[in-house]
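In structure tokens, one chain follows: the form predicted alone.
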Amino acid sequence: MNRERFEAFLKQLQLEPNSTVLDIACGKGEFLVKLSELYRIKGVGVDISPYFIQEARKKARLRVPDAPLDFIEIDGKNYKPQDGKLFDLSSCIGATWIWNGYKGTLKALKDMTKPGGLLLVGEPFWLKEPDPEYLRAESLQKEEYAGSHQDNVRLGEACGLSCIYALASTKEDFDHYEMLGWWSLEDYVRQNSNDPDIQEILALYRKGKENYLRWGRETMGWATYLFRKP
């Protein structure tokens, strides 16, 4: 997702100071730290990776040292709000497998969000009917994603939510995301030639590049969906 467009979207949220925000699969904490810089929120970030949680805490100390942010190392599906308190904004951006897909994620986040609160979910969608050869190459099932961009909006509303905004990535956004990965892997390979897994890493890298250029670039899209809970 283009940084400038995403940050402009965050400014549209107009959260009140001390709003409570939950981010499941928070990664290195950028989402919560950025919201803290914009709104002085209270946040909880959850991630299964101890490395990401360590980086998230370090980032928060450097950029928002006084912010009440709590980063918890746990599998997202096992997280329960402390004392049953619900959040003003609950998010899961790009990790809906935690609750077995997009629909399960919407339901889980809805249960942790205050009435009138917001849900933010990032999810792929099909730009067109995926080629069966592409699905086999990526070990994907077509049903892993709800369908089109429109289908993602409709499914959220079928769950009793109101979609109030959706920010879809452009082809250039997706290229930038994929190709930064190529660049990073090339750098890693050059700098770590003694890694015993280097051949396996290279094979996965080459396969991923070929699949993206041959099929993925024209087949898969991505959007971040903002819903309001009644």
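A residue's number is simply how far along the shown sequence it sits, counting from 1. Since the model is a prediction, treat every value here as computed from it, not as a measurement.
Another form, the form predicted in complex with a small molecule, is not on view; read the next lines as being about it.
Enquirer: Give a yes/no on whether W126 approaches the small molecule to within 4.5 Å in the model of the complex, heavy atoms considered.
Expert: Looking in the model of the complex, residue contacts with the small molecule do not include W126, since no heavy atom lies within 4.5 Å.
Enquirer: Can C26 be called a contact residue for the small molecule in the model of the complex at 4.5 Å between heavy atoms?
Expert: Yes - in the model of the complex, heavy atoms of C26 and the small molecule come within 4.5 Å of each other.
Enquirer: Taking the small molecule as it sits in the model of the complex, is F52 in contact with it (heavy atom to heavy atom, 4.5 Å or less)?
Expert: Although the small molecule is absent here, F52 would touch it in the model of the complex, with heavy atoms inside 4.5 Å.
Enquirer: Taking heavy atoms and a 4.5 Å cut-off, does G156 contact the small molecule in the model of the complex?
Expert: Close contact is absent here: in the model of the complex, G156 is far from the small molecule, nothing within 4.5 Å, heavy atoms only.
Enquirer: Ok, P81, G101, P130, G94: which has a heavy atom sitting within 4.5 Å of the small molecule in the model of the complex?
Expert: After the contact test, the surviving option is G94.
Enquirer: Under a 4.5 angstroms heavy atom criterion, identify the one residue in L38, A166, L185, I48 near the small molecule in the model of the complex.
Expert: By the 4.5 Å criterion, the partner-contacting residue is I48.
Enquirer: So if I measure heavy atom distances to the small molecule in the model of the complex, which of the stretches 131 to 139, 67 to 75, 111 to 119, 145 to 153 falls within 4.5 Å?
Expert: Residues of 67 to 75 come within 4.5 Å of the partner.
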